[in-house]
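As structure tokens, one chain now follows by itself in the form predicted on its own.
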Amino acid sequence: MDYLCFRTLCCKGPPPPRAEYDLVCIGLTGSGKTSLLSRLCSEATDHIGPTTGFSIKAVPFQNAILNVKELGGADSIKKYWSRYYQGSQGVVFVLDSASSDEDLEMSRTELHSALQHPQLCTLPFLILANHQDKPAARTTQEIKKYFELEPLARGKSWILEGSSVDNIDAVKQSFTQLIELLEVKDQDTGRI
């Protein structure tokens, strides 16, 4: 009996490797991409400025590691976004749900462009309506209607969720849903 207990406790071996997925994270400047990703990685968010160019973060989850390539959202950088799409297995699009009507329209245009881009159109999308903690924030239903997501994204795998850096558990749940879509896509393509 002691041998069995010892073997159970000491001879399990290393845990199975976690799946890794390469994602691209896009959205306008000020939408909160860097803050959300930093919070997911348990990093400080005190002195975050706009991303110039891109940054890459490995975001660990229990069943997967997400290698997220965050692209800056300034006008001077957006024109280069498509150069970073290759090899992506999923897309995170962050929008400021409390932004001005003009910025919301620009976000809508960029999301429509991404959903129709040849390198992204077949990939799972996580759309985060960020800054839900602000009084002027639009609900996810308002975003869904304004962005015309139902007709535009028909037949695609996508999730629309509200988010805020103050509710990181909800953000983690949204990413967990994206991981589930990525796993389904993996199984469909026979990668696993």
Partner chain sequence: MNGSNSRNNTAAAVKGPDADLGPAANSRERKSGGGVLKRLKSRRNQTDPQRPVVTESELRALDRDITPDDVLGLRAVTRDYLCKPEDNVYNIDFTRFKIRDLETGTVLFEIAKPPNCDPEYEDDGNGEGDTSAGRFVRYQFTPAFLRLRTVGATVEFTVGDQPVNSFRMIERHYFQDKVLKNFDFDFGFCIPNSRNTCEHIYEFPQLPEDLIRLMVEHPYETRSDSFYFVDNKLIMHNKADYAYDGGQ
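Quick caveat, the model's predicted, so the values are computed rather than measured. Numbering follows the first chain given and starts at 1.
As for the form predicted in complex with its partner chain, it is not shown, yet the points below apply to it.
A.B. asks: Do Asp22 and its partner chain come within 4.5 Å of each other in the model of the complex, heavy atoms counted?
C.D. replies: Asp22: yes, in contact with its partner chain in the model of the complex.
A.B. asks: Using a 4.5 Å heavy atom cut-off, state whether Tyr146 contacts its partner chain in the model of the complex.
C.D. replies: Although its partner chain is absent here, Tyr146 would stay clear of it in the model of the complex, with no heavy atoms inside 4.5 Å.
A.B. asks: When the contact criterion is heavy atoms within 4.5 Å, does Glu43 count as touching its partner chain in the model of the complex?
C.D. replies: Judged by the heavy-atom cut-off of 4.5 Å, Glu43 is in contact with its partner chain in the model of the complex.
A.B. asks: Would Gln89 count as touching its partner chain in the model of the complex under a 4.5 Å heavy atom rule?
C.D. replies: It does: once its partner chain is placed as it appears in the model of the complex, Gln89 has a heavy atom within 4.5 Å of it.
A.B. asks: Which residue, Asn67, Thr140, Thr29, Ser157, has a heavy atom that falls within 4.5 Å of its partner chain in the model of the complex?
C.D. replies: Among Asn67, Thr140, Thr29, Ser157, a heavy atom within 4.5 Å of its partner chain in the model of the complex occurs only for Asn67.
A.B. asks: Which of Ile77, Ala98, Cys121, Met106 has a heavy atom within 4.5 Å of its partner chain in the model of the complex?
C.D. replies: Here the answer is residue option Ile77.
A.B. asks: What residues of 29-57, in sequence order, lie within 4.5 Å of its partner chain in the model of the complex by heavy atom?
C.D. replies: The stretch 29-57, when checked against its partner chain in the model of the complex, contributes Cys41, Ser42, Glu43, Thr52, Gly53, Phe54, Ser55, Ile56, Lys57 at the 4.5 Å heavy-atom cut-off.
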